[in-house]
Every structure is written in structure tokens, then in C-alpha cells.
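Given as C-alpha cells, the chain that follows is alone and in the form predicted alone.
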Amino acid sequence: MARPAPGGRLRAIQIAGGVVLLFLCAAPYLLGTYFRVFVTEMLIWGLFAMAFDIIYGYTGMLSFGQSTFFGAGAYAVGLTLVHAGSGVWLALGAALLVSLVLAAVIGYFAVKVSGHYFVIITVVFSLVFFRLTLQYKAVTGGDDGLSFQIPALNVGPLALSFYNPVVNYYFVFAVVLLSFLVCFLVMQSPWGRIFVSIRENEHRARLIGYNVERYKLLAFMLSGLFAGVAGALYALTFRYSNAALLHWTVSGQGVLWAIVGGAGTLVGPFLGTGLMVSFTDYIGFWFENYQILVGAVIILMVIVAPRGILGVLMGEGGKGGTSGGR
């Protein structure tokens, strides 16, 4: 296990985190339209990367299938609004239920294997649902996607409009913050410690008496649930869903963001998402083949800071692989 960061450095990181949180609270009034939408999208993708971190950073399972739940959450919102004519709360409930059930079914099969077999199963399920979404174009919109209108969000006597960018931002921010707090509490609970024990030494965890498959399934379901929440927020923000959201390459982005930021921390995925998305957006403005440069930066980051950016800030940059890689 890595040594704890020096008190002064940890304190500085906490202060920086508090400043960032205060900035996010006031962001709609500090930023123009473009950057407000940009920060909203980064919060959504940060939540998606954090969902991946639950199974990789804390449990040691590398999955490229989290896009399945992201896309399922987005489509659950869209299809519920379009075909059921429901309100926002019911659409969100449908997204949570669909993502959780889907994660339970896929996880039931996936956690029975490990290593590259686990990765292959998650990719296969992602491709299956991607192809099904393309095939049933009359329902899902396929490549063209599914556009829909968002009704007013009823909160007590208030009827809030998602077409108001400030309302949309604060709703996304509140849901992401609540999701982070729930995940933090889970990881600080006995469940979280069991997840880490499985990551560190699965065989020892079995000898102690833990039902490893059961806890892996639990982590997989939690990860799928929050990936679905991110997908639902994406659909509500952009009023759009399409088959591409289900493809495994979307999962690859979450993997990179979590690893670059620092896996096994919950905060690291948000940091990695913010930095990499900002960097990609900036470089893409100046260079046509920006993917090559982005790829080079990612490779350099993995070599120089195997524990991610947060690991470097905590003074752990050169001590082996990521926390989820053991």
C-alpha cells in the first residue's frame, strides 16, 4: 500500500478542491454560454469516469462495457419521454431501473470470469446492444439518434425548465455531487474495504470468507447504476440519444480519464476528465490531427505518472501501477 501523503500536501489538495467546488457552485454566473455548457458536459463525463473507477480503481476489474449502461440510461430517458409521455422524474427513475437491472444481468455472467475474459465479455455485451439499437431504428433512431422535448421539472410548487441553461447546470451539478457523496460513503464503508481487499488479493479475500463473486457483482451494479445516471443527465442536457453512446469506444474514454486522473480515488476521474477534455478541445482547435498528440500525451502520462495526476500531487507518482492495477 502507498504511504499517505504529507500533511501539508494533503491540506493543499483539500483547499484546492474546496476552491474548485466553490467555483462550480458559482460557474453559471461566471462563465459565458459556451463554457457553461462545456463545464456541464465535463461534470457528466466525470461522473461516467467515476462510475468506471468503482470497478477498476476499487475492485480491480477492467471493463470496456460501461458505455452499455451510459447509453441505456440515455435511451431510457428518451424513450420514456417520447413513447410514455412521462415527466422528468419518471424518466430518471426508468433510467436508474434499466441501468441497474442491465448491470445485474451482465454482471452475473461477467464476474464469473477474470482477466481478459472479463474484458471480452463486457465488450461483447456493449457491441450486442449497439447493434440492436441500430437494428431497431424505428424505435431508437439508430445512427440518426432520438431527439425529444423535455417537460418542466416539478420541484414542489416550482416548475423548472431544462431549456434554461442555469437550471440545467444546477440540476446536473446537484445530481453529480449527490452521486459522488453516495459513492464516497460506500467506499468508506465495509463494502468499500472489501472491494479493495479483492483488488489487492482476491485469493486472500476468498480465504477470509468473502463471497468474491457477490461483491464483484455488487461493485459492477453500482458502477452500472452511476454510468446510467450519467447517461440520463446527458440525454436531459442535450435532449438527444443515439446508438454511438452504447459503443465500447465510449467506455475507452472513461478508462483513459480515470487512469490519467488517478484510479481508486473517485476524485481522480473528475480531474482526468476535466484536464483531458479541456486539452483535447483546445488542441483540436489548432491541429487537424490532434488525436495523435493527445495519444502521445496519454502515453507519456502513463509512463511518467502511473498513479495518475492525483498520485503525482499526493507524492506517489513513481510508485508502481495504478491503485486498481494490482
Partner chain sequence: MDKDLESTSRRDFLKVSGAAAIATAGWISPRAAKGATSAPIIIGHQCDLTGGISSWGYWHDKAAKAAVEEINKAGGIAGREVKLVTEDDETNPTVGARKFRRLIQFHSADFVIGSVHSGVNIASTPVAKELRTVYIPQGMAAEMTEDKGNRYVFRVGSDTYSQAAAGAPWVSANIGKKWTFIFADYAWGWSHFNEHKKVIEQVGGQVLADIPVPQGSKDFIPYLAKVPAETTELYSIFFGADSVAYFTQSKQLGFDKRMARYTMLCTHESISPKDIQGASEGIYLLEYLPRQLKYKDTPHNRKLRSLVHIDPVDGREEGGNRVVASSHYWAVWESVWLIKAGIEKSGWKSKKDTPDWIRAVEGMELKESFAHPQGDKVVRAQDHKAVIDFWMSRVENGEINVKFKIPKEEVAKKFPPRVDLTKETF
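Positions refer to the first chain, counted from 1. Remember, predicted model here, so these are calculated numbers, not experimental data.
Separately, the form predicted together with the partner chain exists; it is not shown, and the next lines address it.
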Among 39-47, 259-267, 296-304, 55-63, which stretch sits within 4.5 Å of the partner chain in the predicted complex, heavy atoms only?
39-47
Classify Leu22 as contacting or not contacting the partner chain in the predicted complex by the rule of any non-hydrogen atom within 4.5 angstroms, answering yes or no.
no
Contact with the partner chain in the predicted complex for Ala91, defined as at least one heavy atom pair within 4.5 Å: yes or no?
no
Evaluate Ser86 for contact with the partner chain in the predicted complex, applying a 4.5 angstroms cut-off between non-hydrogen atoms, and reply yes or no.
no
Verify the contact flag for Ser197: yes if a non-hydrogen atom of it lies within 4.5 Å of a non-hydrogen atom of the partner chain in the predicted complex, no if not.
no
Can you work out whether the partner chain is within 4.5 angstroms of a heavy atom in all three of Tyr240, Leu245 and Gln291 in the predicted complex?
yes
The single option of Arg206, Arg193, Arg131, Lys112 touching the partner chain in the predicted complex, heavy atom within 4.5 Å:
Arg131
Of Asn211, Asn201, Ser147, Asn154, the only residue with a heavy atom within 4.5 Å of the partner chain in the predicted complex is Ser147
Contacts with the partner chain in the predicted complex - residues in 16-31 whose heavy atoms fall within 4.5 Å:
Ala16, Val20, Phe23, Leu30, Leu31
